[in-house]
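In the structure tokens that follow, the same protein chain appears in two forms, which are kept apart as structure 1 and structure 2.
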Structure 1
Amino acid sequence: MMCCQYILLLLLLGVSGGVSAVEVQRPRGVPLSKRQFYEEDKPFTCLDGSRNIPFDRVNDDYCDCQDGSDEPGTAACPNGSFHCTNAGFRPGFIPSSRINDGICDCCDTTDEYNSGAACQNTCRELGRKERESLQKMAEIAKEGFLLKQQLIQEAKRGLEDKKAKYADVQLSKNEFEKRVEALRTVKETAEQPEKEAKERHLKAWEDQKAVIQMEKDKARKAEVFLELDDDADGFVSVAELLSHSELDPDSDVSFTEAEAQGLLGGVDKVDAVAFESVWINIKEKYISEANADSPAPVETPLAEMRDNESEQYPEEDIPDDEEDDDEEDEDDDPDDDYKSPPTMQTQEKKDDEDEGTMPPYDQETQNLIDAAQKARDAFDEAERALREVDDQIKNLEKEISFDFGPTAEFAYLYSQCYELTSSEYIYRLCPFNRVSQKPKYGGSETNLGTWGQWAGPEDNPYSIMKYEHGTGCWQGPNRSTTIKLTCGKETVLTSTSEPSRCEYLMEFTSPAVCQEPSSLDSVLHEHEEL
């Protein structure tokens, strides 16, 4: 341990020794690259060429040059900048307003030469740390880049496979189409006799029903006649009719004798035969005396209630993505649209109170129906298969044409999901699909955005992913998520935050982002320049 430190120290001394060897006297705050403009004993020309001043006005704590170049080492110029050498670390510029402001900005402490601030030279330490971290990053980049090559190969293979499959499926699609057409013909052929047989059966039943209905009406008429004929004299009189106020033709408060007489066709009473024509007028309104006591059924305004409810809870709350899902679901279950004929059971129940039940199909009809159903099933099956093929083709087309990066290195993320658990939520990133958030301890999932596009800067568009149009926020935008990708050996969601309400930011490491590392030395060297 000791010996290693020693060596390291020597190395650093070597570096800084080298630096001091080339250190040249120059006015405070001037970078080496501009040293030649600051020559003692010669008038100084402002770097923008605007003015000449005596050299003793350079760094005299008064701003003479518009561009601030005469005061590189003081805070006199509002637009000046100060160069810190930062031996052992990266050199840099700071705005000259930070000179002697009591805050240590340069790691070599040179910015606080007159403020009394107790600054420590931290350049070596910073340099060491930076080198360490650069080294680490370089290692990661190296390994990551290797992995990336594999990913590229895999993606290539995957793409070829998909293209091959695509060709296959395209071919098989023709087969499916042919099959669908053939089965359609079979189905239509079987359905024609089925339809005819069913219609026949229905017609017979309708005729039979009409007869039954007529019988029933007749029976009721007779029954009513007897009921109305209170004095059993074989006639229904105006007085007898008046006891049934529901028959009032204008439904006002009073059911007058004149009105009753009108109902009886202008006479005072009618016999059972003449009642025929009266019955036609009153049968809709007539309430049997046997039922009169029981209250009229209260119509529950169920439909109305539902309407109200739907007004109170509009369905617009349902987020867009779910709607999308719904659509897909519909596509998956086309069979729902086909109404199968009512089963015997329901038919029975429904017709119970009415005119009895339709008798079962005769064997011949039933056979035709069964045959047609079989043809339909076969056709449906074929059609579904075709649709599946179509979906497959669509998906393949999408995947083949999808922008998975310049060498398709991001293809492996497709149809994967990655999770990160925070203190409150589980975040889920399904690349190229969607981002979501779910409370850790129960609660519904919130959509933080669906795949939008690559959104990195022009020179590196594949460094940022954007997911948009998530669940809406109160008084705010729809949720959206920005994913920052960094090079890593593993594919991991490393952090998540919500810097602005409903705008999420996540960090995601993947070998696919790793760039070919230049050699470590050159990386370090880049930052050593003085």
Structure 2
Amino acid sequence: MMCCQYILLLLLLGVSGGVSAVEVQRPRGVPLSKRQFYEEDKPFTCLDGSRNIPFDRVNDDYCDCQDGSDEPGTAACPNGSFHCTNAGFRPGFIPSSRINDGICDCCDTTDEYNSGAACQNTCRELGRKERESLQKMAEIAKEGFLLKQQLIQEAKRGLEDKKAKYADVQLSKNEFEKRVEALRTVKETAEQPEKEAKERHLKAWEDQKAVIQMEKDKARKAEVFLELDDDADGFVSVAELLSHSELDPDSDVSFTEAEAQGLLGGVDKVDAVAFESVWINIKEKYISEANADSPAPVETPLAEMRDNESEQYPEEDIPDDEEDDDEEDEDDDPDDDYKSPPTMQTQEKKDDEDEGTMPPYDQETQNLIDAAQKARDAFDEAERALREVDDQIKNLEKEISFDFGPTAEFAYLYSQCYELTSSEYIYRLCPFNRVSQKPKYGGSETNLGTWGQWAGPEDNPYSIMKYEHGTGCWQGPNRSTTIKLTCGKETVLTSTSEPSRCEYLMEFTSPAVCQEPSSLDSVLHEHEEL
């Protein structure tokens, strides 16, 4: 039916030159790359090799081959494809179902050869616009590539400077280490006499406190003897001792005469001299008669106190504030609010306060302390300086060994940050470090990922950056960001999106991505079938 229909192709021989007509005979819808399979004087073999058919069945509007290769120019095969020549623009393929459907799909109108559709050939105009776009892209690529060469040279000089600095810092580290060790020796030498002087001073103060305490104890013993000697006969008797029930040795209900006599050393009474041994046994328990006049606080069991508190407020009338307090304190120790009665430690603390504070150091000891402190300060400063040198070395090692691209063209991005503001957020990209977002009108910053790796395809690994392990999403994964790098004259963060939950995509232009451009003719040649 249509097997003998052929087309004339206008081949574009130059971008700005004229157009020359060349007759290339082939069945409709067949690309030049497959012309050799369609020879009129031979039977046609289906391109999948499934069968041979007479050539007059090609484009006869009946599908003979399972792969649809016998009907490249008709809509007979559901899986067929039609080749648009599109002279002056880019050739392409459309599904065979679109042939003669009344809609112009090929810019050269060849898909609507028998539909009567009023199509206009727009290939020349599309080709012109594409050439203009390619021209602009080529100019950007050219300028970007020149900037890239500058970046490479700067990175090379920067790497040499870092290596030189690394060597210098390594040498200085040795000096700092020697200085630290020397100052350590000076510090330890100064601290030894300081320690001994402080210990002498403390011992003298402890001895002084012991004398003061001894005098106080002696005075209190005499005072207690007089208190116990009710009849002022110069003796403390069993009967007089029994008036102080707090002295009961076993703290049971009754304080017996036998127990009192035992405290007196087995005798009925003792004089002031013999009272010395008695005082040692009773002084921790003895309550002065002057203190006994004032009523001692009654110790209420903790459980009883809480029962009283519960009775004070019926359950339904407990104030809300107290309920809140209970909730806040339920993890606390339940006995925190219970105040135990004063103990002997309180008296000891009072005695310490009566004894006063430790006197200041004498001038000789203070001089030793000042000298030791000066040595410590010098040592600490030297250690700080050594740590800073170590940090410098680690940072330099990281920068020197870091993968900044095949020729270190991306090194200039290190320690830099770039921002993009949307209607809601301010996005911040710090290459080789982290990505974050912050609400435009105030709020905390969210980590969208820290530097992971280069993640481009095998033939262009430096075209994509991956940032991982950002702030976790609610009931979701940790946030991550993919950075797609494209060639540009400027270094700019151009767009951001969230194609999947908690997975962000950003586009970033940089001269470091630009490759050496081909001539415009060769670029166009890739898009036109000659």
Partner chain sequence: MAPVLVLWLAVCLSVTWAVDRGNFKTCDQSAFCKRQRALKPAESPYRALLETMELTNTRLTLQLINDNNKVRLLLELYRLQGNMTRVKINELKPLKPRYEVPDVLIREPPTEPLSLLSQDENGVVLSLGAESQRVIVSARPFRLDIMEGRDVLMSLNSRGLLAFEHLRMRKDTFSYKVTSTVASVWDNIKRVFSSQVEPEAEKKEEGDPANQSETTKEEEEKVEDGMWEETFKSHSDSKPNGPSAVSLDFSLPGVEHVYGIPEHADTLRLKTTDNGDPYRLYNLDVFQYELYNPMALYGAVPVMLAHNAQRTTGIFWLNAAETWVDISSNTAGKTVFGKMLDYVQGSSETPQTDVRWISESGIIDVFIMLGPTPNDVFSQYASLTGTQSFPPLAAVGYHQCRWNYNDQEDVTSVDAGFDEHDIPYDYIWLDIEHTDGKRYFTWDPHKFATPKEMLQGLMDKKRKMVAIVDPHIKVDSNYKIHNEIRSRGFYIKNKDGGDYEGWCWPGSAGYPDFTRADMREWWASMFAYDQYEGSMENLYTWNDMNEPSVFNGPEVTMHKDAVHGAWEHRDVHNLYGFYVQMATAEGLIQRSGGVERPFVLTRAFFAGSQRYGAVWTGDNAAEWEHLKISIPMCLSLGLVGISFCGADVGGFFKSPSTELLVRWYQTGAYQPFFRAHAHLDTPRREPWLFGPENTALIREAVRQRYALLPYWYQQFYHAHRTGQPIMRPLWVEYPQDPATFALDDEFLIGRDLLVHPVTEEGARGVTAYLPGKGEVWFDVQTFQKHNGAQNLYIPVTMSSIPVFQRGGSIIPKKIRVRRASSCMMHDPYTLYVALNPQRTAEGKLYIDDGHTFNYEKKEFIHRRLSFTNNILSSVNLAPDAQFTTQSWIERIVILGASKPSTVTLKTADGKESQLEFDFDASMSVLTLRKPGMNAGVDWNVMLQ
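The term rigid core refers to the maximal set of C-alpha atoms that superpose within 1.5 Å between the two forms. Residue numbering: sequential along structure 1, first residue numbered 1. Fair warning: this is a prediction, and the values are worked out from it, not measured in the lab.
Chain form predicted together with the partner chain, by structure number: Here the form predicted together with the partner chain corresponds to structure 1.
Does the C-alpha of D64 move 2 Å or more between structures 1 and 2 once the rigid core is lined up? The answer is yes, as the C-alpha of D64 shifts between structures 1 and 2 by 2 Å or more after core alignment.
Is A455 displaced by at least 2 Å at its C-alpha between structures 1 and 2 when the rigid core is overlaid? It does not reach a 2 Å shift.
For Y504, decide whether the Cα shift between structures 1 and 2 is 2 Å or greater, given a superposition on the rigid core. Stays below the 2 Å threshold, so no.
Report, to one decimal in Å, how far the Cα of C104 moves between structures 1 and 2 once the rigid core is superposed. Displacement of the alpha carbon, after core fit: 5.4 Å.
Supposing the core is put in the same place in both forms, how far has the CA of D271 shifted between structures 1 and 2, in Å? So the C-alpha of D271 has moved 12.9 Å between structures 1 and 2.
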